[in-house]
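The chain below stands alone and is given in structure tokens; this is the form predicted alone.
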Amino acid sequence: MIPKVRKAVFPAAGLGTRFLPATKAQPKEMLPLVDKPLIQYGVEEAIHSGVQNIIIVTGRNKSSIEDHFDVSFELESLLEDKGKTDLLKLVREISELIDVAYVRQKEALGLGHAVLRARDLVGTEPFAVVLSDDVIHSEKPCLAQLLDVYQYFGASVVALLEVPEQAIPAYGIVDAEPIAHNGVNDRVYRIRNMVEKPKPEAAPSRLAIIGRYVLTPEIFGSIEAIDPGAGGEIQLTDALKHLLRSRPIYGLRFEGKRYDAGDKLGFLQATVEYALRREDMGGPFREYLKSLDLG
């Protein structure tokens, strides 16, 4: 029987340099997208995918992440005293969402190293990895889509996105062949090879790996086996490439829209579109945007 995925790892130890000075004193994962921090969108996606054990890999100056998912007795007491029951319910829901464990990554040595830091908490189980920079709006959660493929093949699965040619050097790119899966053969791929941040002319495809993974525990041995890459960082793509020598890996071109919220423009696009989708503010915000005269 294929083991169920019960845990999701959230690497959150990066320095967030692309958002300085905003991230000088607060984690980029806590930047608000409308009225929720980025990392909460990923956590809610995991919950809606049936994964409720969350492991967050943190670093220095990341205590606000722990505070956000913890109980806030003073705030709850204040809201209760003031009769603000709607806000009280909202605050309590955050701390009641999930079971969270934390582990430190003392140095930002790459995504592969961050995943390896969670090894003791993950154990010998399959697990998910969610990068909160990648915010994905979809009818069915992206992680749930990957879990369906994992449950069918019992092997590691990565999320794939077709990117423009000029964006290829920013991603891990796969060489992959489409395969039939439940009668659908245009979204599931058997991966043959991976290249980390190639030049467009050297890329095997335009299919890029983005921040959702379902991994079997063998990935930890592969992370330990590889050498650090550029900047002394241990890349998860390199570890996946090593794992591919002995285990199959699949890719899913998921259904949904992905926002690169680790990029300033992508963050702004996500903010606008998520606000427009909100029932409580979408209409007035749309009218406001129509009224703008920026000439």
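The numbering used is simple: start at 1 and walk along the sequence shown. The structure displayed is predicted, hence computed values, not measured ones.
FYI, the form predicted in complex with ligand UTP isn't displayed, but the following is about it.
Legend entry - Every residue of R119, A239 and L243 near ligand UTP in the model of the complex, heavy atom within 4.5 Å: Not a single residue of the candidate spot has a heavy atom within 4.5 Å of ligand UTP in the model of the complex.
Legend entry - Distance check, G16 to ligand UTP in the model of the complex, heavy atom within 4.5 Å: Heavy-atom contact with ligand UTP at 4.5 Å: present for G16.
Legend entry - P141: touches ligand UTP in the model of the complex, heavy atom cutoff 4.5 angstroms: Answer no; every heavy atom of P141 is more than 4.5 Å from ligand UTP in the model of the complex.
Inset, instruction - Report yes if any heavy atom of A114 sits within 4.5 Å of a heavy atom of ligand UTP in the model of the complex; otherwise report no. - result: Residue-level check for A114: yes, a contact with ligand UTP.
Inset, instruction - May I ask you to check whether A101 falls inside a 4.5 Å heavy atom distance of ligand UTP in the model of the complex? - result: No - in the model of the complex, heavy atoms of A101 and ligand UTP never come within 4.5 Å of each other.
Legend entry - Residue (of I179, V163, A108, V195) lying close to ligand UTP in the model of the complex, criterion heavy atoms within 4.5 Å: Of the candidates I179, V163, A108, V195, A108 is the one lying within 4.5 Å of ligand UTP in the model of the complex.
Inset, instruction - Have a look at 43 to 51, 265 to 273, 250 to 258, 22 to 30 and name the one stretch with heavy atoms inside 4.5 Å of ligand UTP in the model of the complex. - result: Partner-contacting stretch among the options: 22 to 30.
Legend entry - Those residues of 114 to 133 which, in the model of the complex, come within 4.5 Å of ligand UTP by heavy atom: If the 4.5 Å heavy-atom criterion is applied to ligand UTP in the model of the complex, 114 to 133 yields A114, L131, D133.
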